[in-house]
Structure formats: structure tokens, C-alpha cells
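For reference, the chain that follows is the form predicted alone, supplied as C-alpha cells.
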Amino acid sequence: MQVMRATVIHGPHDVRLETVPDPVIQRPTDAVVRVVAACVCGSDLWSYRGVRPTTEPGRIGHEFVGVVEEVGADVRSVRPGQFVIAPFSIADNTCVHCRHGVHTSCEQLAWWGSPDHDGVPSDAGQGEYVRVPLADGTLVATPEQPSSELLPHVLSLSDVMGTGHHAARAAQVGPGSTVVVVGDGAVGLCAVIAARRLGAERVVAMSRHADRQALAQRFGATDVVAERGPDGVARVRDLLDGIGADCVLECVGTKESMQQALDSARPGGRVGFVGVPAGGPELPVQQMFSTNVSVAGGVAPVRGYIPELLEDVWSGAIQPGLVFDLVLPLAEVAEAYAAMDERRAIKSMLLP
């Protein structure tokens, strides 16, 4: 049996590049993809930091793009040689939930690195090759192989750009909206792009870091607020006619960030949340009842958003791949994690 290299997490602050068996077609609906680029997600850091316990060593990574090497007998929508985007969840794209646009509730839903719908272990994305279950429903082919300059922007469609877009859609951002983005990680920065793309007139990025503030402004943020808590709310209201934002995009996932979002919305405003719950976020129903602030969102069904967003990425209308400010070979995956954990990088891109 041949072996390839892939990232394996052993415990807190312990990720290693190890040899693992090469993936093979196991069902007629599978494909095998050669990974051209992958990346580290902010949600991967919850396992890396030990917030989400690792009980035994396992594969990790759920964002990748690459070239189809082989397909099963029943695969029709992709073929060997095509460049494809793999969203962060596996879906059939045909069930009732997928047809409603909620691919992350697919009746055959599976996650990279976990058993698939039928209990067969799935590969994870931070490796050299990946077996893709339900290839017809999961993978999205690009018009052609992207250039090296376009590659990071295409990679962002596997998660962060679609997740930022989901926050904006959940908050019903539209032409003329005033928007506050809570969180200056890769998802929050992509949410700035999404808000402007959907027609927001004013976008306030809440950020304390100069490099992220600069990127938010490059993406279209009209204002930056560094304050937090009541001071941050007061500053937001000062900027937005004393009433708060029409739409607030919560892109962190803590109790404090959700409260910041709710407090920053105007009466009757909307909060779109996509931050992975990690710090006990709660909804103060009495406050929501009193202010008529609504909350919507959740895990982003990025598979459904890829075709739409790919057009703008391919044309150069949006450049979400600028969030990748650290590019490393897969052999240096431990540094890719450490740099994000220590906030020396916004998002790390890995090249096998």
C-alpha cells in the first residue's frame, strides 16, 4: 500500500504531518482529489487549543481545492483532470434540505475527518489526497485551473467567504443597509466583502488590530471601531445616527461577541450569526423581545453559495483570498497552526 502525507492532531498544540494510506475509491459515488491547496480554519483552533478535546489522534482539516484524479462509476458532474472546490461539509445536493439551500443539514451529511453517512471513515483536507464521498453533490468544478494569483481566492470559497456571505444573508443585508461586523478573523473580514457585495452603504468593522483594520477597509469597511462592550456600542451609535445598525454580523462565537452584536443593532434590526459556539453564547430573550431584534444564522451551507460567489471571484470583482497572509508548505503545518493561534497570521494557507 502506498502512503501519503496528511495532518494528524494528537492533542492540544500538537499537530503533526504523518504518513497515512492513500485514499481509494470505495463506492461508485466517490472521487479521489489531489489537493493543490488547503488551509487552517479558525474552528480547527478549538481542537488545537484543547477547547474541543482530542480523545485519540485523528485527521484534521476541512478546506481544500484540487484536481480530480479518479472517479467512481456513478459520478457524472466531475471528471478526472478538473479543478474542484470542496466545501467544508459533504452533501448530496439533491435531498429536500439541500434543495432548500441548507446543505449542512443534508440527509446524507458528513464531515471531513469523520465517518461518512454510511459509517465509512472520511479523509480530512490537510493532506496530499482526499477521498470525496458523494462527489457529484459535494464538489464544484471551476471553469479551468486557476492561476497561482487566483488560487487563494478560489480556496476561500471552501469556507470563509461563503460563511461571511451566510452571515450577511441571514441578517438580510441589502442595498442601503448599515452593517456592523463583530470579529476581525478571516470570516469577519469576508463578511465585510459580503455586506458590500449585497449593497450595504455603511460597514463598520470592529477590530483592534491594525493589519486587520487595514484589510477590512480594503474590503470596503467604511468605519473601524476598536472599542468593545458598552464603549463599542456607544461608538457604533455615534457613527450610525445614534440608533445602531440595521444588520450585525456575528463572526466569533462567544457569549461576549453575541452580546456585542445584539447591543449594536438598532431596534428592529437583525443579527446574522456564524461564529462557531465556543464560549457559551446565549440569547437574552427579554432584550430581543423588548427591542424586536431578530437573530438568524448558523453553520453556513457554503455548497449552495459557491456557484454564485465563484463568478465574482473568477472575474476579480472580489478578492477574499487576501485573508491568507501566511503561505507555508504542508511540511510546516505545525507553524501554520501556531501562527494563527498566536494571532501572528489571519489565516494560513498550505501547499502540499
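Just so it is clear, the model here is predicted, and its values are computed rather than measured. We number the residues from 1 along the sequence you see.
This next part talks about the form predicted together with another copy of the chain, which is not shown.
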**Prompt:** Taking heavy atoms only, is F273 within 4.5 angstroms of another copy of the chain in the predicted bound form?
**Reply:** yes
**Request:** Consider I243 of the chain shown here, and say whether it contacts another copy of the chain in the predicted bound form, taking contact as heavy atoms within 4.5 Å.
**Result:** yes
**Prompt:** So in the predicted bound form, does G297 come within 4.5 Å of another copy of the chain, heavy atom to heavy atom?
**Reply:** yes
**Asked** If you check in the predicted bound form, is H166 within 4.5 Å of another copy of the chain, heavy atoms only?
**Response** yes
**Item:** Interface residue in the predicted bound form among S77, S114, Q217, Q172, criterion: non-hydrogen atom within 4.5 angstroms of another copy of the chain
**Value:** Q172
**Message:** Which residue, H153, H97, R131, R196, is the contact with another copy of the chain in the predicted bound form, using a 4.5 Å heavy atom cutoff?
**Reply:** H97
**Request:** Tell me the stretch among 310 to 318, 297 to 305, 323 to 331, 24 to 32 that has any heavy atom within 4.5 angstroms of another copy of the chain in the predicted bound form.
**Result:** 297 to 305
**Request:** Output the sequence-ordered list of residues from 234 to 271 with at least one heavy atom within 4.5 Å of another copy of the chain in the predicted bound form.
**Result:** I243, D246, M258, R266, P267, G268
